[in-house]
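Next up: a single chain in C-alpha cells, the form predicted alone.
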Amino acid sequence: MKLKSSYIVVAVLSVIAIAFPAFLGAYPLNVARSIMTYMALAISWDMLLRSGQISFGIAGLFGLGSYASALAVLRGGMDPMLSIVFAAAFAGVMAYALGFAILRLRSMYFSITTLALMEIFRIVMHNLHDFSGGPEGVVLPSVIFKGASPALYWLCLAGLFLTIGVSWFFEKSKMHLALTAIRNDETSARSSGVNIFNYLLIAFVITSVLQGMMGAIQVQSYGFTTPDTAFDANFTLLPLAMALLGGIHSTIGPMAGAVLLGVASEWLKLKIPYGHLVVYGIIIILVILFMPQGLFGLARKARRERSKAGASHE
C-alpha cells in the first residue's frame, strides 16, 4: 500500500511538472530550467559518491557535452536533437578512456585529478581558436525549437527525468549493494566477489553521460557557449552544495537540496553577483560540520526516533 502511494505521488508530481508551461511565463520557466539542470548534475554527482569517490569534475564533463553538441552542429551539420545524443555518448567515451587511469586513485587523489581535468578541458577549448572558437566560444545558427520556452523547458525536464530514473535504478539494483560495499570497505567488498574497478567504471561512465547530456541541452537551449561559461565553477560547486544540503547517497536528497538552493541561488545572484560562490562554499562547510547527512538524513533520523518512542510507549 505504501509503495502504491509513493507511485501515485510521483505520478502526480510528474504531471504537475509537465504542466508548468501552461501556468508560467518565460522568465519563471528559464529559472525552472536552471534549477532542473543543477538538480540533474547534483543527482549524477551523488550517484558516483555512493561508491565513496568524490568527483570535482562535474563542470568538466558538462562543458565537454556543451562543446561536443555545439561543434557537432557547427562543424558536422548534425541535427540539434541528435547532437545531444552524440554529446552524451562522447562524454561517456571520454570517461571510459580516462577511467582506466584515474579510477585507480582514491580519496583526495581522485578528487584533485578530476578537478585538474576540468581545468585542462577548459584550457584546451580556450586555445583551439580555429576549431572551438577560442576564448570567444561559438554561436549556433539558431536555438533549438526556435527558442520556444515551453519546448525548452520540456527538453530540460526530459533530461532530468532520465537522470532521476537512472538514479532510482542504481538504488534498486545490485549496483546499490556493490557501490555501498565499495564505500564501506573495499577489502571486504573484494573478498565478497565485487569487481571494484568494473563497478566504479560503470558508475563513472553513466554519470558522465548524464552530465554531458545536460551540457548539450544547455548549449542548445541558449545557442552559444564559451570556455568560461561551459566550464564555470558553478556547475561543480552548486550541485555539490545541493546534494550535501538535501542529503547524500539518495535520489530524493539532491532533489530537495536543488529546489531549496536553486531558488536561493537566483536571489543571491541578484544581490551579490560576484560573491554568491562564497555563500555556496560556506553552505558546504556548515553542512559537512553540523549536518553531514543533510536534510533528508535529519528527516530519516527523526522518523526513526519517533518510531522508537512509539514502540517504547506500547
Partner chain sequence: MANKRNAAIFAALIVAAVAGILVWRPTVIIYGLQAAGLYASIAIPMGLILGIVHIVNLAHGEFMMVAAYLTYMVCTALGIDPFVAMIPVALVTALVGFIVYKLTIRQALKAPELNQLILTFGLAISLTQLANLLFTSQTRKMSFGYVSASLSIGELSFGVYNFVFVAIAVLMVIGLRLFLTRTTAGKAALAVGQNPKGAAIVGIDVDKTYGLVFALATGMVGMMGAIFITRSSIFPAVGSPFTMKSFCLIAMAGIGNIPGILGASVLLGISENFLKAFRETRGWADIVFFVLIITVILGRSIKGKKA
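Numbering follows the first chain given and starts at 1. This is a predicted model, so every value here is computed, not measured.
Just so it is clear, the following notes concern the form predicted together with the partner chain, a form of the same protein that is not shown.
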Quiz item: Candidate spot 82, 175 and 198, all three in 4.5 Å heavy atom range of the partner chain in the predicted bound form?
Solution: no
Self-check item: Proximity of residue 109 to the partner chain in the predicted bound form, heavy atoms at 4.5 Å
Solution: yes
Exercise. Please check if residue 210 has a heavy atom lying within 4.5 Å of any heavy atom of the partner chain in the predicted bound form.
Key: no
Quiz prompt | Heavy atom of residue 116 within 4.5 Å of the partner chain in the predicted bound form | solution = yes
Quiz item: Might residue 97 be said to contact the partner chain in the predicted bound form, defining contact as any heavy atom within 4.5 Å?
Solution: no
Quiz item: Heavy atom within 4.5 Å of the partner chain in the predicted bound form: which of 203, 217, 241, 230?
Solution: 241
Quiz item: Taking the partner chain in the predicted bound form as the reference, which of 89, 105, 162, 151 has a non-hydrogen atom within 4.5 Å?
Solution: 105
Self-check item: the partner chain in the predicted bound form - contacting residues of 12-51, heavy atom within 4.5 Å
Solution: 45, 49
Quiz prompt | residue 260 and residue 289, C-alpha gap in the predicted bound form relative to this structure (3 Å or more) | solution = closer
